[in-house]
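In the form predicted alone, a lone chain appears below as structure tokens.
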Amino acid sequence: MQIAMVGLGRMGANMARRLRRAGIDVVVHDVNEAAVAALEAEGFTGARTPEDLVAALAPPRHVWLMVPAAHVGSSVDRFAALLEAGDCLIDGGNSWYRDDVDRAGPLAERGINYLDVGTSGGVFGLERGYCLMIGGPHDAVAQMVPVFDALAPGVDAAARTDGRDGPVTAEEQGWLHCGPSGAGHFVKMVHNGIEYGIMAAYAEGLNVLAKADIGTEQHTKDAETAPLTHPEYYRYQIDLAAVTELWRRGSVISSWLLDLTAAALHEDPTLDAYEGRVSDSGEGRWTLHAAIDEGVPVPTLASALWDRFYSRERGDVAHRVLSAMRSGFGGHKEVKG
């Protein structure tokens, strides 16, 4: 089996390494010359241009794109122009599933298969494996089974669900053909929307614990500050690093995200290395678009996305408007700090 990996960033390079470990021949390309050279030093075949990459592949060719969503369209156009009927182009990034639907049709008319593969695993995927959510034609997926099996975590990554007996299924290996074009990225989109919500729940709960000593603080007594009625109930100095370490063992809220949180707090108990500006790469927004179109309520996922906007001070005008109204109707002055 041979495949090309285009995009050697935080995930692409390690995906190439994992494939090579499984005995798959991987040709690599990136716009960053140093990234290509680094993998060449490990024994990979490097290609400096898309033309060189396609020429290094034997038909039917398989080209996997791991590039930022903003560059997928141009990358698809560039490589599609070099491919032939029977070849396969795979988008493993976080693209909007509607773009997949729009791209797949024109490519199919030329006989080029297009797969959208939502890929979860982050920077730890080399050892842990990657959870793969796949959309596209069945025959193209079937050709790629050795690649998906190599990238996926494998059945031993989790205990088999009670009642699942017999041969191991693809989803138990860690990959799933979710449906036609767009289905893979649709499932990954919702996956990331859920991720936003889980992350927000941990963050909000830990913030409550972090402020549990408010009863020990001196509070200004004025018309602008709501009084703390019972300070005696809030005199706890909770060790967040210890609590998250505790919750990893036997708790119903244990998870890999909690593992990462515990590690971060152990290294930096006050998280001074972070400013708290949280980006969003699009999937949360797209999840809300889909929920609105479907008429499905997702208040938790929506709230998590709004909080990320607030973290980047996108609510600054709204907050100034609130202060202005309070000043207008009641003469309230802002309390600094």
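We call the rigid core whatever largest set of C-alpha positions still superposes within 1.5 Å between the two forms. A quick note: this is a predicted structure, and the numbers were derived from the prediction, not measured. Numbering starts at 1 and follows the sequence shown.
Separately, the form predicted in complex with a further copy of the same chain exists; it is not shown, and the next lines address it.
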*Residue stretch of 137 to 145, 199 to 207, 85 to 93, 72 to 80 approaching a further copy of the same chain in the model of the complex, non-hydrogen atom distance within 4.5 Å*: 199 to 207
_Residue (of 302, 47, 57, 38) lying close to a further copy of the same chain in the model of the complex, criterion heavy atoms within 4.5 Å_ = 302
_Can you tell me whether residue 110 touches a further copy of the same chain? I mean in the model of the complex, with a 4.5 angstroms heavy atom cut-off._
no
_I'd like to know if residue 133 sits close to a further copy of the same chain in the model of the complex, meaning any non-hydrogen atom pair within 4.5 angstroms._
yes
*asked:* Is it the case that residue 127, even though its partner is missing from this view, gets within 4.5 Å of a further copy of the same chain in the model of the complex, heavy atoms only?
replied: no
*Would you check, heavy atoms only and a 4.5 Å threshold, whether residue 21 touches a further copy of the same chain in the model of the complex?*
no
_Between a further copy of the same chain and 238, 282 and 293, in the model of the complex, does every residue show a non-hydrogen atom at 4.5 Å or closer?_
yes
*Going through 89 to 120 from first to last, which residues have a non-hydrogen atom within 4.5 Å of a further copy of the same chain in the model of the complex?*
97, 98, 101, 102, 120
*After fitting the core, residue 23 CA displacement of 2 Å or more between the shown form and the other one*: no
